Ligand SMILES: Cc1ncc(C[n+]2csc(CCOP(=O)(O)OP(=O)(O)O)c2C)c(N)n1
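Only one chain is included here, represented as structure tokens and corresponding to the form predicted alone.
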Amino acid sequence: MPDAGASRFRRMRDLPSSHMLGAGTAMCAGCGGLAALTEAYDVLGENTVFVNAAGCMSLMSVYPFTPFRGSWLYTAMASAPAGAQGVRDALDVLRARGRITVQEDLQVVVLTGDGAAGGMGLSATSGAIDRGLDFIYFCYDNEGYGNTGQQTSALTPHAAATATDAGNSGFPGWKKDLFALWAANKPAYAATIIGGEPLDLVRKIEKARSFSGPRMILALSPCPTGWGYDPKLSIEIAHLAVKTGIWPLKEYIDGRVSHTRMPHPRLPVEEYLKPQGRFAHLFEPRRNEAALREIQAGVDAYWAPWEAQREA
């Protein structure tokens, strides 16, 4: 297992000062997914091939132009892990035949949104994990089908208003725990990140690179368009997600889950909900105390065993 203390990213000043991903893309201003991808790509480096499932990020590459300095491949929404298998197999054949060197080999990265990751692409992902595919699965989680109007996805949080769950109560269900699904499949590595915490992010990407086999990076991706807030607040929203405990920063290695950041003291979860238009109905025209208590109780229940462990 890699030594966590051996990271070359010890301080903010150690972060890359130039970016691999080109500027001027068609992404929305303030996109949290783009921020996370930009930071991650700086660590992954040019010898990376992105297998991009249809979604928000596929808007970046409009033929014949792409902002990726390395390689990029577009696939249908449900089939990116299958596409990654074909790319990895082809690279392995080329290496075996001496057509490419170890230095010319590419890191295969699936780039997908939460719609594909938690729903229609889950079968292909499960198959790739079962086959032990050597790849990184990078999911930008904006908690809805953002590319087509922010419809509810399997990773939409409880009570959030979406294009398909509008009204006084928002989405009645609960966010699917994609991290837990991956951990249950015993991958080589899994981690959660957020663009507003760049040092934590780059350390985890660095660590993911050092493993082989199936690896998952799950990035909460604040979305001004779908979540209903001013784009200038994206970093603040990201910080609140961590400080309220609604987005735990954690990783899975060798059968164990550990947290890289423990929010203490935790802020009330409504501090994260208030700036977002998708939760406005919980506060106006009157406070929905029952829903707010329900959401807070869910966050408290998650952290209770970890906080008890820390205090023991």
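These numbers come from a predicted model, not from an experiment. Start at 1 and count along the sequence shown; that's the residue number.
Omitted from view is the form predicted in complex with this ligand, to which the following refers.
Trainee: Using 4.5 Å between non-hydrogen atoms, is Gln107 touching this ligand in the predicted bound form?
Mentor: Although this ligand is absent here, Gln107 would stay clear of it in the predicted bound form, with no heavy atoms inside 4.5 Å.
Trainee: Please run the contact check for Gly196 against this ligand in the predicted bound form: heavy atoms, 4.5 angstroms, yes or no?
Mentor: The answer is no: Gly196 has no heavy atom within 4.5 Å of this ligand.
Trainee: Can you tell me if Tyr140 lies within 4.5 angstroms of this ligand in the predicted bound form, counting non-hydrogen atoms only?
Mentor: Contact with this ligand, yes.
Trainee: Is there any non-hydrogen atom of Gly245 lying within 4.5 Å of this ligand in the predicted bound form?
Mentor: Contact with this ligand, no.
Trainee: For this ligand, considered in the predicted bound form: do all three of Trp182, Pro214 and Ile253 come within 4.5 Å of it, counting heavy atoms only?
Mentor: Not a single listed residue reaches this ligand in the predicted bound form, so no.
Trainee: Which pick from Leu73, Met120, Ala82, Leu133 sits with a heavy atom within 4.5 Å of this ligand in the predicted bound form?
Mentor: Only one option qualifies, and that one is Met120.
Trainee: In the predicted bound form, which of 166-174, 124-132, 111-119, 85-93 comes within 4.5 Å of this ligand (heavy atoms)?
Mentor: Going through the listed ranges, the match is 111-119.
Trainee: So which bits of 61-87 sit within 4.5 Å of this ligand in the predicted bound form, heavy atoms only?
Mentor: Heavy-atom contacts to this ligand in the predicted bound form: only Met77.
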